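This document starts with one chain, in the form predicted on its own, laid out as structure tokens.
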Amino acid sequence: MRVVGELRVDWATSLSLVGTVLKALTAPLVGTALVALWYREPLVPFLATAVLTLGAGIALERLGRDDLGIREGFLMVALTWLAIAVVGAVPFLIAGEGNLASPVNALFESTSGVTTTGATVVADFDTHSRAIHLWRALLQWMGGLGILVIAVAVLSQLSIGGAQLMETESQTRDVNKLTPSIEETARLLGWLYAGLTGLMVATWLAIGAVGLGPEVTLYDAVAHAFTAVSTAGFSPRAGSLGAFSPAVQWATIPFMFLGATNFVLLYHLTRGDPSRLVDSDEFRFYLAVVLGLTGLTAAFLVASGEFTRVERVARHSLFQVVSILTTTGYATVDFNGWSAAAKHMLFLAMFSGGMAGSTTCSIKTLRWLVVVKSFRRDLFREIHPDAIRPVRLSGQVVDEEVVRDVYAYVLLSGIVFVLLTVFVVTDAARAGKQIGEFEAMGASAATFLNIGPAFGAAGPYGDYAWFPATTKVAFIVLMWVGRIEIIPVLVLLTPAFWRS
């Protein structure tokens, strides 16, 4: 490892690997150009970006590289998300269509895409070409899991270990036990991810073929499969999933749910071993939270008289809870019009997230389960002070250091959320804009926790374009922080990280 002054981090290696990932971005850019060619839309935004990205990637790769350590792994993950967000904004700027013609808006949309947030500044969907909408969806698909797999696969081809990245990103060491090599694991997870995406495309097309979803096209099926399995939520339709039939909406729910399920457990399921999934404390907790919040939301909708038909109550409450809880962000209705109690259920769902080791964001059910079990353990000790009762997950004892880390993460997330909310309210007032407290809280949670739609003007059929530029810049930073998790960001900001 090269040492510069007191610095112990090898910038050249990290940047060189970012360059390799950027080179890989050329393929999806060229692919989107081919779609533009098919629809007879402008090719320049994608071909020009592909040339620029390829040149930047080659230049960064030539910086040279040594062995990848933990520090370089952290730095490479953080820089990769930033680099892809910047590259992703270039086609929007070159196309110069609608709100995306603004540099801040373009970077906001791209960051929202690659972090799988789904918050959009697009107000007039018909202004943008189909290729631009597909590029938005592709950014989310790559951000979900594809970028990680590409990075690890590329690293493996270069004979540089990618296990550190996988641990940093997936938050589960179990991933390293799937296969003897990390490159084989990356390939396996990539196929699983692509397989789920392909299955959703086939499901949508089948529903359309039998007449239950006559509005479904191949373009719609592909664009929504990209953004459902990645639990991301960009839709090329202004009405989101509300533009499709009830059959299509029902069929989309399982894919959002599976996208937020631990992919290691899904792998065992595909191998004919459902016991790992059934025996998982976290999966049972995840399922219970989904069903519990859905039941409460449905009850509030019935009590307020929002819906009278059982099917509509069940569909809209289950869809919205799964969509928000998994951080997907699709909408079947404008839930701004729901009762305050039902909207607060969705607000609570924002802080859940799906399982660790999936494409989801937010706090994640694994951490909440540790908090619940730890709290229950502490109550037990109040009654039996001499008792020894460790926190267990799926029968395994959880290290006390991990428990403390979980509490620290939840506390830090709460602090960031409160500070961001105060900033949103203050900055809106400075800019002469009015925003309610609940709307500010919703927008802060929806961006920092990578969910997408919030409430009010930033609701499911609204957008974020009206926020002041300074607020949107803060959202961009917080979306990035939320995607790579706050602890790694704090580690990067710690002076000790950069020294011995």
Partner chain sequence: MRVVIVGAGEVGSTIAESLAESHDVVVVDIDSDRVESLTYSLDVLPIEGDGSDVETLEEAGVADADMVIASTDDDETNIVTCGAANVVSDAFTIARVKSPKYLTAWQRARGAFGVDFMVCSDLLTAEAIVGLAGLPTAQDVDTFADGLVQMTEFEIPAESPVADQTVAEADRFDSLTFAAIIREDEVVIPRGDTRLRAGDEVVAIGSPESIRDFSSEIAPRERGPEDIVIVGGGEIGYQTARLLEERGFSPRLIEQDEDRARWLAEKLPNTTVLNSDATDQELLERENVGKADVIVAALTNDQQNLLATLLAKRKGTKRAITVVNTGDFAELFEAVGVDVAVSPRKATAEEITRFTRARRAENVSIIEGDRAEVLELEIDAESVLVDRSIRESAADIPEGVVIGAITRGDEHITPRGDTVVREGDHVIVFVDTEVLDEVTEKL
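Just so you know, these numbers come straight off a predicted model, no measurement behind them. Numbering follows the first chain given and starts at 1.
FYI, the form predicted in complex with its partner chain isn't displayed, but the following is about it.
In the predicted complex, its partner chain sits beyond 4.5 Å of every heavy atom of residue 184.
At least one heavy atom of residue 390 is located within 4.5 Å of its partner chain in the predicted complex. Contact check for residue 400: a heavy atom falls within 4.5 Å of its partner chain in the predicted complex. The closest non-hydrogen atom of residue 272 lies beyond 4.5 Å of its partner chain in the predicted complex. Partner proximity in the predicted complex, defined as non-hydrogen atoms within 4.5 angstroms of its partner chain, places exactly one of 206-214, 377-385, 118-126, 97-105 at the interface: 377-385.
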